[in-house]
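Just one chain follows, in the form predicted alone, and it is written as structure tokens.
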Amino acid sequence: MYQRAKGVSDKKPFGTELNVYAEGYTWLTHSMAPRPVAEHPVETFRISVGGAACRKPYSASIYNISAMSFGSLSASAIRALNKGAKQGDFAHNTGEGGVSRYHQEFGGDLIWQIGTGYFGCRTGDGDFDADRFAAQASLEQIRLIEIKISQGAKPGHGGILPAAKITPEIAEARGVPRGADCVSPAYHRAFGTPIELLEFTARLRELSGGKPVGFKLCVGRPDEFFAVCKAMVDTGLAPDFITVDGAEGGTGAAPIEFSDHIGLPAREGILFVHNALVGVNVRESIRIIAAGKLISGFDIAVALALGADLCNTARGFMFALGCIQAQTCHTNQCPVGVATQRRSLQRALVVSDKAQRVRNFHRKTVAALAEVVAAAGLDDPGRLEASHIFQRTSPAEIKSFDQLYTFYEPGQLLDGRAGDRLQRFWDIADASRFGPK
């Protein structure tokens, strides 16, 4: 990550340091007839996001900056990320902390994340404010709108930004007063059922003038996501995209119980969501965005082979900014100026320098993906399939992903064929509530 961000050689001698005979070792099968490497992958590896109900679809890069809020990150970090996104023509997710003046300074494309605190579109009591949302969403720089249900680092957990850390700029971006703790609840007030979630999604799409709207989650209870799928079938409403965050992801601080033992890992999460959408015949109109430690061209290829359309990363771009894993993110003492509101520490991060590194990391990682795709004998990453990826399951056995995992046929859930492990979750899923019948 550091080498690609700095624009220096990312090659290494003497072969792999991984144990290729260890259980879990994973690789891509190359072709005896590889294809020419795409000459301009940053420009050509793009995915249109926006279903039939969307009037302003967005052509997204296959690789973008995942959610990190102003407040968690410094003003300098936000400015560098957005300037790099602008230079490299990819998208920058705001995180749930709102759209700050620093997100807007350089004009890079934004994915505006709406969390449980409704920062930037909230009433004084913390409820959703439709008028404030519409005013903010009209900003041309905002290309996608993402409702955050949960995140990989701490799914099902809220958060608090202590009053002492709330600067005038943070208060402005979030629409909260100074002098009081800023609370992000664990749950949403704007909806309470799967049907209401889809209705809220449709409402935001209309209020934004037809921009693509989706939601982000780390997969938890299977019956609850199945309930959302049943709600799609019952109402005809659907998001334009779903971001699947893996439990291994997360750049911020979280309780160890949550970061270590709650949430579905990215591979299983991506496949579960892909199968569920295929199973109710809505997959073609909904994009899947994968997140969770996807920091190399191979990581992206694996996510695409399992069903994702495009990918986000936070960790990779944090490293591009100069993160040294000091693990002081939650203390306001970040020594390199990435995760602190102290101006004296922020001076360590030179925006013009780090913006170029952000762009470099994106460009070189997408270029690496292009080489991987070409080695597999393909012209386009969208043609990657589960049969292209193998994994060692024991010292003497290997399986391709299409042997290792189950992939649904169109309409399979509607036909009552969820499979031995998941049928009971489909049977108890209820579009009118989160939780079993």
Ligand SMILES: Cc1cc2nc3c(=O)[nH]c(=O)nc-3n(C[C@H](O)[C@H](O)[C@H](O)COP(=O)(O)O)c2cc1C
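Given the structure is predicted, the values throughout are model-derived calculations rather than measurements. Each residue number is its position in the shown sequence, starting from 1.
The same protein also has a form predicted together with the ligand, omitted here; what follows describes it.
With the ligand omitted here, the record of contacts in the predicted bound form names 309-317 of 77-85, 222-230, 309-317, 256-264, defined by a heavy atom within 4.5 Å. Within 4.5 Å of any heavy atom of the ligand in the predicted bound form lies no heavy atom of Lys354. For Ile111, no non-hydrogen atom is located within 4.5 Å of the ligand in the predicted bound form, even though that partner is not displayed. The ligand in the predicted bound form comes within 4.5 Å of a heavy atom belonging to Ser69. In the predicted bound form, none of the heavy atoms of Arg132 sits within 4.5 Å of a heavy atom of the ligand. With the partner omitted from this view, the residue of Gly337, Pro239, Gly250, Gly269 that lies near the ligand in the predicted bound form is Gly250 [heavy atom within 4.5 Å]. Residue Leu73 is the only one of Leu277, Leu321, Ala305, Leu73 with a heavy atom lying within 4.5 Å of the ligand in the predicted bound form. Taking the ligand as positioned in the predicted bound form, the only residue of 200-228 that brings a heavy atom within 4.5 Å of it is Lys216.
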